[in-house]
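Quick heads-up: it's one chain on its own, the form predicted on its own, in structure tokens.
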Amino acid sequence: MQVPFYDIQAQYKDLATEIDSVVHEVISSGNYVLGNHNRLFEEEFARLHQVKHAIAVHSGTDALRIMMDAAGITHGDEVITTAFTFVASVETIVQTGARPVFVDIDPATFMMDPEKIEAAITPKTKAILPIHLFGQLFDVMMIGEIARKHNLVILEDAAQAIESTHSGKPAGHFGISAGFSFYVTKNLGAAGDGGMITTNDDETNERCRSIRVHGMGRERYYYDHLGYTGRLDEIQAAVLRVKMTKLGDWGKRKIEIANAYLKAFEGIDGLTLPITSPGNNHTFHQFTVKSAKRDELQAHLKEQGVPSMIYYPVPIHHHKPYLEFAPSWNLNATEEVSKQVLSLPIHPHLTDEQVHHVIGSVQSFF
């Protein structure tokens, strides 16, 4: 049996009639830039995450960069984050001229260890960029307390945290702004690239809306900021609005699959399962396990027709463009986790038979 790691075509087939219709509507309208679907998608996403403002942008990377500019991150500043992440979290810091300062992660959650933050704070520290990873939120309470104590801005990297909550509050409530990604493989994926910024701060909203359109202010061709072409394509907004109607059902199916994995793998010696931190829900953007025999397990699964992915095999500070930002302290948990993590297939279009095949393949290895 061959098990797809993702199944974008099956997702399309779920909504083919609706997607085809809305794409044709946009194309035939001639209203391709910041049209009605952008406006409605922003309103619907803001309601979903219970925030005042949502600003649709071209990608999750654009969301992070625009958020940083809006927060005034610039040359000479330092931004505390982790090296166990997708590169966009760090490259956008460097692009502002600021310096990323890496702290170690909690090996159980894979996210920033709050106990390590204060030792990394200097007079140059301007912000903390913690990452909501694999479908659940970072330690929002403790990191929030540290930020308030030291008068630091929190910028949430929420690329993998659509519908993820802590004590019922969704991602986007714990910083001055949050950046989401709609890359095709996310829980809510576009037919291409897409992103969203959320904020409850009116001034941040105004700045982000300006920066995404070349820094233009309320009056056309008058500019208040340095900016970008960072708008969300109208077709993508329309497709995402259609897909949002299935987000709840797709999310429930992923939880069913995650629970099946957790039950089947419980107690396997040599396999560490993902945990859900107290107060969090977990939307399982990824189902990520750890094993000291990760590479052998991955090879075995491949022989069984079960694909897997490693997020992330090499910490960011080991890559050529970021060597200069390697910290003077050890990132022991980051180094260890990167050698052990493996993500198993988990998407809403897996059949029960495919789920059972994944389970049997993992069990047969151990």
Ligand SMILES: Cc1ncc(COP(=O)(O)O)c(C=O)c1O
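If you're wondering where the values come from, they're calculated on a predicted model, not measured in any experiment. Quick note: we count residues from 1 along the sequence shown, nothing fancier.
One more form of this protein, predicted in complex with the named molecule, exists but is not displayed; see below.
Chemist: Answer with one of 136, 199, 236, 181: the residue that has a non-hydrogen atom within 4.5 Å of the named molecule in the model of the complex.
Modeler: Partner contact (heavy atom, 4.5 Å) among the options: 181.
Chemist: Among 131, 117, 258, 188, which has at least one heavy atom within 4.5 Å of the named molecule in the model of the complex?
Modeler: Spelling it out, the residue with a heavy atom inside the cut-off is 131.
Chemist: Exactly one stretch in 31-39, 298-306, 60-68, 314-322 has heavy atoms within 4.5 Å of the named molecule in the model of the complex; which is it?
Modeler: Only one stretch qualifies here: 60-68.
Chemist: Is there a non-hydrogen atom of residue 284 within 4.5 angstroms of a non-hydrogen atom of the named molecule in the model of the complex?
Modeler: Contact check for residue 284: no, nothing within 4.5 Å of the named molecule in the model of the complex.
Chemist: Do residue 289 and the named molecule come within 4.5 Å of each other in the model of the complex, heavy atoms counted?
Modeler: Residue 289: no contact with the named molecule in the model of the complex.
Chemist: Should residue 177 be classed as touching the named molecule in the model of the complex when contacts are defined as heavy atoms within 4.5 Å?
Modeler: Output for residue 177 is no: heavy atoms all beyond 4.5 Å of the named molecule.
Chemist: Does residue 147 reach the named molecule in the model of the complex, with heavy atoms at most 4.5 Å apart?
Modeler: Taking the distances in the model of the complex, the answer for residue 147 is no, it never comes within 4.5 Å of the named molecule.
Chemist: For the stretch 1-36, I need every residue with any heavy atom inside 4.5 Å of the named molecule in the model of the complex, listed N to C.
Modeler: The stretch does not touch the partner at all.
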